[in-house]
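To begin, one chain is listed below as structure tokens, in the form predicted alone.
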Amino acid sequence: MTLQFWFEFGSTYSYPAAMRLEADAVRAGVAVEWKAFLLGPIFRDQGWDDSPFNLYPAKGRYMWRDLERICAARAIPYRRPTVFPRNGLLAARVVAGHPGAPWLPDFTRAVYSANFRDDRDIADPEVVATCAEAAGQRADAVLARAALPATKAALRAATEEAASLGIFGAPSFRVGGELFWGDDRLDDALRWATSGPS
């Protein structure tokens, strides 16, 4: 069974999930579909105009420390970004413009590393270009495709699909009709994909 990985490039907990998902899925024998979407429209539908980690300071303080612990435990390089959340629109359009491309996991990890390891602005086309090149792609072609009206429409459709599936945050994992939310539910999602309810 295929696991859909729904992620948003500005999402903190999507970072450790993205960094380990492919290797964990290979070990479990589970195929992964990488699905970028935008949390902004989903948050607005919930009455929020910012990340809940900014709206609720105590929750935000906990999240930053929790993320630091998670990354340390998994030996994932981490530096708290000086801007949060960063605008992942362009990077998400790259993913939407290349559905199923085999290099998307490498590109996705490169973008997350730029944001949460290197504290770089992932809205900057030069940063996204570097990430595309790190994934073995021609940056000019990738950025040109991201600017196409059809690609922009594809990302809007992905965000609408996420909302229609009941996705309210990232990372989210969908296996069949089951939804799992949060980096800490990835193992559960993989078990579901291999053996169903336990």
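The structure presented is a predicted model; accordingly, all values stated were derived computationally and were not measured. The first residue of the shown sequence is 1; numbering continues from there.
What follows is about the form predicted together with another copy of the chain, which we do not show.
- By the 4.5 Å heavy atom rule, the three marked residues Q46, D66 and A72 all count as contacting another copy of the chain in the model of the complex.
- Interface residue remark: L179 is counted as part of the site for another copy of the chain in the model of the complex, having a heavy atom within 4.5 Å.
- Among residues of the shown chain, G166 is one whose heavy atoms approach another copy of the chain to within 4.5 Å in the model of the complex.
- Although the partner is absent here, D184 lies within 4.5 Å of another copy of the chain in the model of the complex, judged by heavy atoms.
- Contact annotation for K59: at least one heavy atom lies within 4.5 Å of another copy of the chain in the model of the complex.
- Stretch-level contact check against another copy of the chain in the model of the complex with heavy atoms at 4.5 Å: of 46-54, 138-146, 25-33, 153-161, the positive one is 46-54.
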